[in-house]
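Given next, in structure tokens, is a single chain: the form predicted on its own.
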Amino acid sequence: MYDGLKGFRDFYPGEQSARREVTDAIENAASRYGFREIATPALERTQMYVDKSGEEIVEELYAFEDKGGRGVALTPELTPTVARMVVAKGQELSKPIKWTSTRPFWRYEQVQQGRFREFYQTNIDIFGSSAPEADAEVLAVAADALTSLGLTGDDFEFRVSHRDVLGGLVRALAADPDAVDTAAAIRAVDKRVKVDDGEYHGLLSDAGLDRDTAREFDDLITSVETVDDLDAVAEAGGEDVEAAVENLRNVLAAADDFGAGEFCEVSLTTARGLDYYTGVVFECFDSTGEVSRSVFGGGRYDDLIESFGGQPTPAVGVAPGHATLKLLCQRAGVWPDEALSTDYYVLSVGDTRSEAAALARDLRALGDDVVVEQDVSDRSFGAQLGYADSINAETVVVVGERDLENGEYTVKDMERGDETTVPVDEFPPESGRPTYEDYE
């Protein structure tokens, strides 16, 4: 007997059907906005991640040498892969490029609630537009996906920030801007709610801010609760911050027009820790706080394509993680039912296989989403009926030798236990999905 690997999960039919329903909701939302599906490989060259994030990233990867002596890794995220793809065919692709993909990723990290070593995300990205409308559309797709699952503005919120506001503010407040590690200061903000105050201010100090400047910086970013509060930040930060604040305002205004504004709030303590983010960033949180960590996030990464050898190409995206999204849906009571469901079970009695199989084919022809099962194990009447109950069959159609001699089927409602007979030439009808109620 072998145990599964830690951080890798099995999904049995009930849970997988619920996961499929959620995945479909996200993908359908993206499709309605014109995002086109792509497929990407499970392996990439390890060096691609080292160049992007430094040698230390290898410790977090499933990295190894393949039989050709190449250093490869299971993909821990999609962004470098799509950047590589855009660079490879950049001039051939009509812009803006709007891509989406749902697939697994792998990271060797500590397993905890909502975080696994193999995890699933749906990535939704736009390349080739720096306009606020692109940021707003990504927010709108995410909002539409969540609301299509039954979530409301009482269940989730998008905390929207701007990394250039944070970076510009750090430089403006520092006595010696050149001595400040802006990226490190932004990473400190990203860890603000995950560490105690002493460690947080220590991280700001390590980034080059003295105690008084760190306190002033933190007071400014925590004072912002509405768009109007950004005025004080712009005034304190100078021209660079003013421009970033204006961009943030424009994105939020576009989000209003795109229908996502009601889910957005300004939150300058939201930073996104990855250094490739460049402008507007956001994270989705459970409004009640019961799911304590970010459900998912996204933002701008305008410099990444160029860093991979391509032409300067602005980009923005979001990547809902399915494990944390499940936590939110379960908390809100909208996670899909994990019980199996079957529309029809065709129960064969005696030498009626041909007739039962023909009926099953006719029932499946009623629609692509009609689920029909029939006996494939040569079981008794009672065993078939028990199986039909175990798969939550709504209607059982009995095809028996005696029934066929009389030119009829027996139709049974499994929930009520009632049954009746129907003429063979009237079942199924040319349209509609017949149940017991149609013939009682």
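Numbers follow the displayed sequence, beginning with 1. Note that this is a predicted model, so its numbers are computed, not measured.
Form predicted in complex with another copy of the chain: not shown, discussed below.
Among Arg171, Arg115, Arg84, His201, the residue placing a heavy atom within 4.5 Å of another copy of the chain in the predicted bound form is Arg84. Checked against another copy of the chain in the predicted bound form, the candidates Leu327, Ala254, Leu220, Ala243 yield a single residue with a heavy atom inside 4.5 Å, and that residue is Ala254. At the 4.5 Å threshold, heavy atoms of Thr269 stay clear of another copy of the chain in the predicted bound form, well away from it. Although the partner is absent here, Phe381 lies well away from another copy of the chain in the predicted bound form, with no heavy atom inside 4.5 Å. Contact check for Ser94: a non-hydrogen atom falls within 4.5 Å of another copy of the chain in the predicted bound form. Taking the partner from the other structure, another copy of the chain in the predicted bound form has a heavy atom within 4.5 Å of a heavy atom of Asp368. In summary, the region of this chain contacting another copy of the chain in the predicted bound form, judged by heavy atoms within 4.5 Å and restricted to 339 to 347, 229 to 237, 207 to 215, 193 to 201, corresponds to 339 to 347. Residues from 8 to 42 that approach another copy of the chain in the predicted bound form with a non-hydrogen atom closer than or equal to 4.5 Å are Phe8, Arg9, Asp10, Phe11, Tyr12, Pro13, Gln16, Arg19, Arg20, Glu27, Asn28, Ser31, Arg32, Tyr33, Gly34, Arg36, Glu37, Ile38, Ala39, Thr40, Pro41, Ala42, in the order they occur in the chain.
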